[in-house]
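Given as structure tokens, the chain that follows is alone and in the form predicted on its own.
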């Protein structure tokens, strides 16, 4: 028979063993980290909770970074240049993909994310996830530029929704009453948003910035004609206010939402804000693909935006990171993020989801826009290319340069950038 002292010793040893086992279980968890902007709706936090419940052996940690996209990009780059494993997952803007992939900072995902699975996602999002023939990102949040219009004003004037440049100008001239009501507002300030707008018009004229083999063609007639049309919107047709050359997304949205414009080029987020209870244009707007050059050979195009998940080349837990990517980009994961964080999904099937359609009846129209979306040039030096183009497109809009002069100068600078 054990003495009381011996029984007490065994009890204590048992407690120590249980505590040690629990501690070992905690320490045995695989930790994966990601840097993101704060989630206003709490969708990513909820996704974290559900993922960890489904994968109790993985500790998923969200590091909340600043809202400014460029600062988070710099934070990632600083860590990668030092070959640190600080971040296992990268939440990437699609224009980061070529830069990060060319530097060897992210791994290709072709073996995990083959073409058969890629077909479940929007084509523009997949194009924006590739570099040099390999895929580096699984899209989780989409975005694309589109044309908003006032349904009530077009109906009152007996006018159809515009499809071409000429249609938009005709409708604007028939309905506008400046300065109280302008025809068309867009993003004309010298910044990246201007290039998004400009490329949509260039693509709609059958032109491009770079060819697939990186030949510069932005100084060719289709692009020159596109820029001339944008200049004419302000100075010849006078359907866009002179101040549009200072507008970014929010300035143009406010003009439209306050009832001071008939048409607006902007991103999907405008729909939600313009249909709030306090919006003067609630229930009065529609969306359609951006207008294109007249002629059956031309078609609308949208600048693809959006975010996706990739894996750091320096991560020590790549398989756990991939598990989270599969979870977050699944049908259920994206549906959760749509409802909690109001994001545009990247899976075809979610645009037909009945729960989403009840809340977002504009999704069939949005889907048409998304199917025509395409990324900006997937080049590691896209940032420098865009900077050069911004300067000269802006100069043309304020008539410091002609469209031909502007694009010839921009093309020369871009060729120099590519040759370095």
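Positions refer to the first chain, counted from 1. These numbers were taken from a predicted model, which means no experiment stands behind them.
Here the subject shifts to the form predicted in complex with alpha-D-glucopyranose, a form of this protein not shown in this document.
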Where does alpha-D-glucopyranose sit in the predicted bound form: which of 275 to 283, 177 to 185, 190 to 198, 338 to 346, heavy atoms within 4.5 Å? 190 to 198
4.5 angstroms heavy atom contact with alpha-D-glucopyranose in the predicted bound form for residue 307: yes
Would residue 73 count as a contact of alpha-D-glucopyranose in the predicted bound form, using a 4.5 angstroms cut-off between non-hydrogen atoms? no
Is there a heavy atom of residue 143 no more than 4.5 Å from a heavy atom of alpha-D-glucopyranose in the predicted bound form? yes
So in the predicted bound form, does any heavy atom of residue 376 sit within 4.5 Å of alpha-D-glucopyranose? yes
Note which of 208, 219, 93, 225 lies within 4.5 Å of alpha-D-glucopyranose in the predicted bound form, where distance is taken over heavy atoms; exactly one does. 93
With alpha-D-glucopyranose left out of view, choose which of 267, 113, 298, 80 has a non-hydrogen atom within 4.5 angstroms of it in the predicted bound form. 267
Determine the residues of 198 to 225 with a heavy atom within 4.5 Å of alpha-D-glucopyranose in the predicted bound form and present them in sequence order; the list may be empty. none
Cα-Cα trend for residue 296 and residue 124, given that in the predicted bound form the distance shifts by 3 Å or more: farther
